[in-house]
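Just the one chain here, the form predicted on its own, laid out as C-alpha cells.
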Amino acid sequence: MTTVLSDLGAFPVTASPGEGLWLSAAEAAMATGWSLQPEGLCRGAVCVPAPSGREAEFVAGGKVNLAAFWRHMDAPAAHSKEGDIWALGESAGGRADSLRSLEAPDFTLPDLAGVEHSLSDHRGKKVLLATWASW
C-alpha cells in the first residue's frame, strides 16, 4: 500500500511498482482532484496535456504517472526511500499567487477543550492568528 499526500489530504492507494507514481485514473482523481481526460490531466477548467511524443511517460494502460505530471507542472513530487509515501506539493507560482491574495487558507484546529474551529467559520470578521513553533 502507498500513501499519497496532496493538498486534499492523505490517501491510501495501490501504486504500480517501478519508477514513478503510477495510479489508476480513479485513484489519481481521488488523491489530487485531477482527472484523466482525452486532453490530459484536468482539474476544473485547467487541463495539462502530456508533452507531444512523450505521452507514454505520463499515461499508459489506463494508469497515470502522477509524479511525472507533477514535475511537468513545475511542482515538487517527493517520496520516501521505500517509495511507500509520496508528497505532491504546490508549485512555487501557486504559492506566490496565494501570498499575493493576502487570504489565509482555510484550516481546522481543536481548542483546548477539543472543540474544532475552522478559519472559514469567521469569514467577514477580524481574526488574530497567533502561531508558535518550538524549533
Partner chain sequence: MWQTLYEELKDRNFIVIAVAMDSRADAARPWIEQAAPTYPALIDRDHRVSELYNMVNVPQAVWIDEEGRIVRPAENAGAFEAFRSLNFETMTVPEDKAATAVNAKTTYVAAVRDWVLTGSASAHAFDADQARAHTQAPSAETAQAHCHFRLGQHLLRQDRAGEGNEQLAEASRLHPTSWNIWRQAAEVNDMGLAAGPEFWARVNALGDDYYYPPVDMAGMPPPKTDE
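Rigid core (definition): largest C-alpha set, two forms, superposition within 1.5 Å. None of the values given here were measured: they were computed from a predicted structure. Numbering follows the first chain given and starts at 1.
The next section is about a form of this same protein that is not shown, the form predicted together with its partner chain.
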Per-stretch contact check against its partner chain in the predicted complex, the hit in 55 to 63, 36 to 44, 22 to 30, 101 to 109 (non-hydrogen atom, 4.5 angstroms): 101 to 109
A87, heavy atom within 4.5 angstroms of its partner chain in the predicted complex: yes
Exercise: P51 in contact with its partner chain in the predicted complex, heavy atom 4.5 Å: no
Contact label in the predicted complex: H79 to its partner chain, heavy atom within 4.5 Å: yes
Partner contacts in the predicted complex for 99 to 135 (non-hydrogen atom within 4.5 angstroms of its partner chain): L99, R100, S101, L102, E103, A104, P105, D106, F107, L109, P110, D111, L112, H117, L119, H122, R123, G124, K125, K126, V127, L128, L129, A130, T131, W132, A133, S134, W135
Did L119 shift 2 Å or more between this form and the one not shown, C-alpha, core superposed: yes
C-alpha of L129 moved at least 2 Å between this form and the one not shown on rigid core: yes
